[in-house]
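For this one, two forms of the same chain are given in structure tokens, first as structure 1 and then as structure 2.
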Structure 1
């Protein structure tokens, strides 16, 4: 039986003057399969949608084509209209005759508008409904890590009514959060106390994640704890595994070997300098201190902050002469510009160099030689103490954890964000998030933002206890699928797994909750076994067919 397709053409309240709607309507009515053509002004407004729903019922339509504005703009409105009129929302196809036709061209574009409607009608013929179902999800969240970001995330998750588990590989929480307490004056220990006392938060120490499978809302995680294996279900996973620093002594930065330096002048890390400054029994007072940072990595947010804090403290404590050699001072974090200004005002000298400074031990002192780009000449500073550049790395075990969930790492080994600009805390797998230092060089303000956005996303995902998912919108045909694993390898969201449907042979099964509907699997499938409702091969080819006939 031929489908009954109704076309609704909207003139956008007279916003498309270069289309002759009556002529277009008459032409559209002649397209094969079109049951009725309705010209309605302001279709997206309440009056318009009511008229549209009434027409769908009166004409007993199966499929609907809306010609008007861009589907990016109003598709959801018209899908709702269909659903209210008893049709599936996926039985709608839109022809963009406003942005991509009327507004984009001068002169009469009635012909093109009719062409676009024809493309939509051809596609609409082949549309099929997609079933929707509420899938129950677990309201528990696994937080991997036991540092500041992990504990703060757990506290926030508990506050929104979810039940987090903090998984720490060490015996106690917060083993490497001392640095935060120092640089930011953040009270991590009281936060840990609060987390441990929270009835909603479960703390598992000396525990490791050894396996994970499943998709958003339904992860099955295996945890090793004191030789015992525990299996748990979680709705979402948050990685807050942090970072570690390493002194850049032997990474080609031209620093002398460590043992040579220890005897005479000293080369220290930011942390060691901090300890020296806070040691009440020390009597060393270096007259000149040189700082070097920002040459190994483009991001120098963290070293900038450490340098400014330490330089100011050294000025105050020892009244030393301070020279800072760096490529860029990054002051985009909160309060750092002020610190930088303070440092300059109390006499810290900043030297901007493009090339790595040459460092040599000379007469018991350390000579730093670099070309200052503003002076345009070589500057040599002899120091008593050199604070060397530190490199930032993800904590050990980051690679192993990421491989458990098939998540990519970036070139430096940090977790790779799905889209750095749009979804910084989300991974490419739905329901897996990263917060804090494990995704790169972040200052405290950004870590707090990370935590908020991750908690918000998880709350949205899990708080109602169910997720409405489109069932089998993307599906492998059991007759055609030969389980070649191509789709499993290419799926960017880890949504495809091998499985059996109704006890048949093993085929590719696409998890409805994990699938993000990109269609990459449908394009690569060598057997053309994967159907993707809305963008099926025949639906795309039908549009090409329509263009061919015009």
Structure 2
């Protein structure tokens, strides 16, 4: 029996002027298998979806084609409509007649729009439902790290009813949070006390993760603590391991020192200067202070904030002459532009340089020489104290942790930075999240946003106690699979492992909870052994045949 296919055509609120929708609808109605054609403006809005659901029920449709915008935008909306109307959401096929048709051409494109709809109808004939199943998940969450981001994440997870475990390699929590307390005024110690006193939060210090496997909702993690190996199950994992800093002079990546004598107490870090400013017994009140930052790392949000705060404090406390050598002052964090303007008004001098300043010793003082972009000439400043550029690096062990869960690092060795496809805190593996400085140089506003985003995502994932998984939407055919491991190597989600089916030969087994349905494995499989519902070869060939008949 031939499937009853309904076609719903949307004009996106009149945004596709070069398509004659009445003519297109009349031609689509003649395509074999099409039961009804519905022209609905703003189909994705509430009124449009209600009309669509009512029409599906009235016509007793088996499958649905929606012609409108890109599936990237609204496919999930229309799948929900099908589910609410009693159909499997995967019995939907979309034709993108907006971005791939109307908006891509000048002049009338009605014929192309009809061809795209015809291709979708031919594919829809071969669509199959996908079984769904609720799988129980563990509501415990592992938070790796012991600084501000980790403790704040654990506290928020506890508030929403989840049970976090804070895993810290040091003997106590908060050892890496001094900078936050200094420059942002956070009382991290009270947060640590609240976490340690929370019955929902387990704190494991002097411990590290040594192995991990599984998928979202069911990670099995091995922890080594004081020589004892512990195995625990967690529903999600949060990395909040922070970052470490080094002076550019020490790292070999930054300022070129022309004289070996340029070292010692005349060169300090931002942290050391902060301590000097807040030491009531210090006798050191340098008349001239030079700051250097922003040359070795374009990601300089925290160094910018530290420089502005310390420069202002030194100006007010010591009335020092302050010179800041920088390539750019990154003021995209909340309140930083105001701080920059205040520093200038107080007399802090900013010198914009493209090349690294040259550092030398002149009569016991530190000479900083650089070409000022605006003056167009070399400027030499003799300073009593140099606050050297600090570089941000991933914490030790970041690479080892990433390899445990097969998570890629960025070019600087951090966990992913702004991932426009997965959003900042979500990793390539479902159930694994990153917050704070472990994914780059973030200001406090971004750190707090990270924490909120991760907690909301984890709460949505685990709060019900079950995850709805699509069963065998992507599956390897035991008869075709030769266990060549290609799919295991290319899967970015860690969803493919070798396993035995019914005690037989080893084949690729795809974990339904871990699979993101990206299709990479099906595309590269040399044996064509992987069946991806919605993108099977016969469905794609049917679309090509539709064009051949046009």
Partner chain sequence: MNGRIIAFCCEHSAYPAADLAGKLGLHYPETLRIIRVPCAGRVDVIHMLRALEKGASAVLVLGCEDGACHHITGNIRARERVKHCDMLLREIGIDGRPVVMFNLSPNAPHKFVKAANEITKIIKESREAR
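Positions refer to the first chain, counted from 1. Between two forms, the rigid core is the largest collection of C-alphas that superpose within 1.5 Å. Bear in mind the structure is a predicted one, so any value in this text is a computation, not a measurement.
Structure 2 derives from the form predicted on its own, whereas structure 1 comes from the other one. Among 59, 349, 132, 49, only 132 lies at the hinge, the spot where C-alphas switch from fitting one rigid part better to fitting the other between structures 1 and 2. A rigid-body turn of 20° separates the smaller part from the larger between structures 1 and 2. When the rigid core is fitted, residue 87 shows a C-alpha shift of 4.4 Å between structures 1 and 2. CA movement of residue 120 between structures 1 and 2 equals 2.8 Å, with the two forms superposed on the rigid core.
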